[in-house]
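The chain that follows stands alone, in the form predicted alone, written as structure tokens.
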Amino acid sequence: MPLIFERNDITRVECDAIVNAANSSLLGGGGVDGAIHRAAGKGLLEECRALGGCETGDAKATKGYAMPCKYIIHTVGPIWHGGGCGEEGLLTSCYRKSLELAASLGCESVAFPLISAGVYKYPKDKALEVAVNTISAFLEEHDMLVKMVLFDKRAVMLSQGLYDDLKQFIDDNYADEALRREAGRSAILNAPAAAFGAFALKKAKQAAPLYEEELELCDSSLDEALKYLDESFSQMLLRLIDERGMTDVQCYKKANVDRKLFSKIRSDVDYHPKKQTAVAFALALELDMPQTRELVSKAGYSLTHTNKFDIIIEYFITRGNYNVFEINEALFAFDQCLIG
């Protein structure tokens, strides 16, 4: 099952287990820890007293009490001292041991806050990187739905360089699209009535040229294009998986897609997934932009420069970055729907 980002109050998330960013006493505190203790009620404090505390990097479980979960997994994150005191290893251990404990309890879903990124001052971008890397590695071997619950988008701190470059790419492509549209409208409005049809069509095409990648598609073999003309999304996806020598499991895990959803796609030749799911598989298969547009079109969608989501996807693909989790961080930061 996938790793997803969710903007929410973790005390309201419905999962088999909720992870608490606790202190070593396990007796409650501020931030997420205090909020969970208040939401769970007095029974949680009484059980925590019997646990005898918890070491940094370790995890212990209690019942969920008044929380919408079966279990609360308490883990103690490291305090940030500059990065040279083993903080990364301890934070990795928090996520890994919490996940292992959830699995041993039979949990199929677990929700995490961003551990140590509050009063413990662990830099948010570094904390998120540790979380994503550890969780994604665990999910390669286990089927579990894992949610990273973030209170607001400020919890996702892209590097300033990436944020600025991506924002500029979005702004530039929005501007290009606006100019194409305006030029197309002007060509049609200013054309003489007698020559409206042919002239306006010609000008509109000049004003809105095909993307370079689409021109490359036009140059490809016509026979090859016709060969797969009537392929459905499901047929094209399964063909590409075979062509790349991937297994189904490798593909849907890399796409951050649930196994049950993949089974539906495989069993139904006419299945039409959501746009984000189609894009997720394009990323898993590491398709270039022409191939991505073709696969997405088989699901009944298009990628254009009138949509921020589409532009962000193009940004990463054209730079050869197919990491679904990194792309989701960027989508989250720009208030877009997530993939997978």
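All residue numbers are counted from 1 along the displayed sequence. Remember, it's a predicted structure, so these values are computed and weren't measured experimentally.
Absent from the display: the form predicted in complex with ligand APR. The rest refers to it.
- Contact annotation: residue 14 falls outside 4.5 Å of ligand APR in the model of the complex, judged by heavy atom distances.
- A residue is said to contact a partner when one of its heavy atoms sits within 4.5 Å of a partner heavy atom; residue 120 meets this definition for ligand APR in the model of the complex.
- With a 4.5 Å cutoff on heavy atoms, residue 115 counts as touching ligand APR in the model of the complex.
- For the chain shown alone, residue 163 is not a contact residue for ligand APR in the model of the complex, no non-hydrogen atom being within 4.5 angstroms.
- Note on the interface: of 40-48, 61-69, 269-277, 26-34, the segment with non-hydrogen atoms within 4.5 angstroms of ligand APR in the model of the complex is 26-34.
- The partner is absent here, but in the model of the complex a heavy atom of 124, alone among 96, 244, 142, 124, sits within 4.5 Å of ligand APR.
- Among 317, 324, 330, 21, the residue placing a heavy atom within 4.5 Å of ligand APR in the model of the complex is 21.
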